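Before any questions on binding or motion, here is one chain by itself as structure tokens, the form predicted on its own.
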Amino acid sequence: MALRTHPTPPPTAESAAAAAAPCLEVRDLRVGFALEGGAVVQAVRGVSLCLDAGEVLGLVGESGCGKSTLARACAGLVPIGSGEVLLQGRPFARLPAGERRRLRPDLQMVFQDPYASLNPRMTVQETLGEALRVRQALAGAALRAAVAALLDEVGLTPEQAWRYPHEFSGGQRQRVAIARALATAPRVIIADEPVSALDVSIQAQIINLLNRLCRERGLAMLFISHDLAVVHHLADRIAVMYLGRLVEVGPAAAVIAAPGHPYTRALVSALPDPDPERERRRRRLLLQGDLPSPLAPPSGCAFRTRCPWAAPSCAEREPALESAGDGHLVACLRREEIAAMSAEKP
């Protein structure tokens, strides 16, 4: 656990409530973008989720489903239309600028492209040192030692502190970006597709690094990816997003072993089975058609236009997330019928 140099204030009722609250909580969040001509595209439509200390929540879905918009709204990088984003129990997105600035170090982002997210004119020492000076009031030898410790924590050497971003490989740049996120001693990290721009040989190293840092530091992490296999390896819980809404949330093992939503079933069926014989025998669920436009989502269940089990009733109302037992939530009007039909198949 990273040490904080600031003295710990005496506990108050407000601080006790914050300690008991989830690190990050999203309540009925909606985010829309106005287009030319007056049309509004709803990128995030009524999403609610929570993230506890030390927990990794994997958010998975197709490109264009609203994952990155949700992440940026949580970090205060895009305005929200309605709903709440609570950081340590406080309404982060709606706080006055000064209060939000004081809370911002507790939530940091790791972006998809590390080269675009690092200042090319600053050395690593300057990039990390800037955050450490502001957060921990370090200078001189103490600052250089703190930067060296951060680099060591992410698998880099102190000598690399004096290099510029273009002098690193893609995987090394992402390690620098992770170190920058850690420099403020955050409670929450949002990792938005942090390995999708990296070579396959490097992806596992970064995933294992993030996993180790979360466990060692007790960090809460929202890990966003379109790759369910990566999310399954890393996450404690999985949230599946489709066209701006969550369609399934639950413990990672339960979501993979017994997916309740047809969309999740399709994602899970695409995962390779390590047993060659089982892989040869199993039947995949192939989706037809493309993701509908968020400008004109289908009525009722947004997935019904691609769902092999869709019924006329699916067009009549939008399903809400409902309990499937043991913290497993599914938004499907025909969940029990589909489960029964699937169980009857050989």
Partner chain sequence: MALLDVHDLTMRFHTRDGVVRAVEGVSFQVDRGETLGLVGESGSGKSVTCMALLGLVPTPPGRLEAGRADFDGTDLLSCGERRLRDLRGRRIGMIFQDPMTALNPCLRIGTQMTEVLRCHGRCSRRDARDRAEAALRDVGIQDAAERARGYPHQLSGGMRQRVMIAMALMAGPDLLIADEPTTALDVTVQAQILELMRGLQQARGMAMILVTHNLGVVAGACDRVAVMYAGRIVETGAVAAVFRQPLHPYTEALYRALPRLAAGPRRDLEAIPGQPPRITAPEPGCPFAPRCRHAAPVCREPMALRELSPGHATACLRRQRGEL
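Positions refer to the first chain, counted from 1. Superpose the two forms; the largest set of C-alphas matching within 1.5 Å is the rigid core. Since we're looking at a predicted model, the values are computed, not measured.
The protein also exists as the form predicted in complex with the partner chain; that form is not presented, and the subsequent description refers to it.
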Within 4.5 Å, heavy atoms only, which of 41, 310, 287, 50 is in contact with the partner chain in the model of the complex?
287
In the model of the complex, the residue from 185, 78, 268, 103 that sits within 4.5 Å of the partner chain by heavy atoms
268
Interface segment, criterion being heavy atoms within 4.5 Å of the partner chain in the model of the complex, picked from 56 to 64, 32 to 40, 294 to 302, 317 to 325:
56 to 64
Spell out, yes or no, whether the shortest heavy atom distance between residue 141 and the partner chain in the model of the complex is within 4.5 Å.
no
Does at least one non-hydrogen atom of residue 166 fall within 4.5 angstroms of the partner chain in the model of the complex?
no
Interface membership of residue 215, the partner chain in the model of the complex, 4.5 Å heavy atom rule
yes
Exercise: residue 45 in contact with the partner chain in the model of the complex, heavy atom 4.5 Å
no
Judged by heavy atom distances of 4.5 Å or less, which residues of 197 to 216 approach the partner chain in the model of the complex?
199, 200, 201, 202, 203, 204, 205, 207, 208, 211, 214, 215
With both forms fit on the core, has residue 281 moved 2 Å or more by CA between this form and the one not shown?
yes
Since the C-alpha distance between residue 326 and residue 274 changes by 3 Å or more in the model of the complex, give its direction relative to the shown form: closer or farther.
farther
